[in-house]
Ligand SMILES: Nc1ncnc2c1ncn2[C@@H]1O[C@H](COP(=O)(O)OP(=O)(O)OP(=O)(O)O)[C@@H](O)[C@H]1O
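Taking the form predicted alone, here's one chain by itself in C-alpha cells.
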C-alpha cells in the first residue's frame, strides 16, 4: 500500500511516496518494506531506534512532528500514537460489523465475556478480546494484554472478520485508551461498569484516570451511538455526563437504571434471583453465579446486546446459562469437609471488597482470604486492601502476588500495617496450602489477586504459577 494512502488527518508526509508492506512499533519486527512507528514510551524514545529500523529494511518512519530528518520518508504527527492506530486501521481494514468496548476499573473481562456468550447464544458468530485472551468460534488464545497495541489489534480484527466473526466484544483499559490503542475501531456500542482506585502508578490523579476512561465516549464513539452505563456506582454520574456531552444515546442499567432496572434481587448460594424492568415489562432472571457485582456486569452486557439489536427475550434466556470468566470468582472445588474455595482476580481495593462481600452471605463459618499486592505498582492501595481484608474476612493470609523488582517482604509489610491479625506467608504455594489446611465445615476460602494468570513475576522473570492448579491440588489432598 502506498504511504499516501495510509495518511490520516493530523499527519503529513515528509519525503517520497513509498510502498509499505507492513507496519510495526517494535524495531525488532521491522522487515524490508516496513513502516516503523517511533513512539515515545515511558522509559524509551522510539526515535533512538530509527537507524536500526532503517538498517533492518524500514522504508518509512512515523514519528513526532519535530523528529529530525533521516534516510527514509517520515510521517510527522502531533499525536503519533493516534496516527499509528488510524493508519493500522487503514492497512488492516476489515472489522467485525458489530464492535463493542467496555471500560471501568472492575468487571471489564466479565462484561466482555458475558456479551460474547449472549451473542453466541443468539446465533451470532462472536468473539472476545481481553485480559484472558482471544476467544472466537474454534479459537481460544490465552493471553495477558487487556488491550493489545493498535497494530496487533487491527491485524486481529481483520483476521476475525475474515473468518466470519460478525460480533466482537473487547475490554478498553485506561492505558489502552490513553495510549490511543482503540482509535480506529468502529464501535457500535460502549459500556461503563465502575471506577475505583487503580493504576495510580500511571495516572497522576483520579481525574486523569477517569478522563482516560471517558475517551471511549467523547472521542471514539460517534454521536447517536448507544452507551450502556451502570447507574449505581459513585462515578456513574460523571460517566453519564461525559457520554451525554458527546451526544451519545445513554442507556443506564442497575437499581437506578432507565434501560434495565433492577427491582429486586435475592442471593442464594450459587445463584441470584432477580426481578428486572425492561421497557415497563417485568422479567425474572436466575443468574448462575454469586455476587451482586456479577449481576451488575451481566446487566451491562445485556444492555449492550439489546442496544445492538439482540432480542431481549433471547438475551435474558442467555443470561440464565452464563459461565463466569476464568479466574473471576471461580469455584475451584471443595475441601473434604465441604468448604468451598474460589479464585478471583481481585487485585484492587474495590474488587477485593466486592468479592468478600459477595461470599459473606454464603459463609456460616470463617471467611478466609489469601492475597498480596503487586510490586512496581501503586503502593498506596496496599494498606487500603489490608484494611478491607481485616474488616471483611475472619482469617487473612498475606502472601506474595507479583513482586516484580520490589522486595517482597516490604510489600507484605505495607499490607500488614492495616491487618495486624493476619498470618504472613511469603511463599504463595505454602500460603494457599495453609489456608486449605485451616478450612473447617462452613468456612469459605478465596485466593485473590492473580485469577487466571499462569505465572508469577519475580524480578524480571515470569515463573510458572497458577492459583487454580495449586488450590485444586491442595483441595484434592483433603479428600
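Positions refer to the first chain, counted from 1. Please read all numbers here as calculations on a predicted model, not as lab measurements.
The discussion below concerns the form predicted together with the named molecule, not included here.
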Could you check which residue among 117, 77, 194, 399 gets a heavy atom within 4.5 Å of the named molecule in the predicted complex?
-> 194
354, 310, 83, 252: which sits within 4.5 Å of the named molecule in the predicted complex by any heavy atom?
-> 354
278-286, 100-108, 265-273, 334-342: which one contacts the named molecule in the predicted complex at 4.5 Å, heavy atom to heavy atom?
-> 100-108
Would residue 347 count as touching the named molecule in the predicted complex under a 4.5 Å heavy atom rule?
-> yes
Does residue 171 make contact with the named molecule in the predicted complex, using a 4.5 Å heavy atom cut-off?
-> yes
Is residue 259 one of the residues lying within 4.5 Å of the named molecule in the predicted complex, judged by heavy atom distances?
-> no
4.5 Å heavy atom contact, residue 293 to the named molecule in the predicted complex | yes
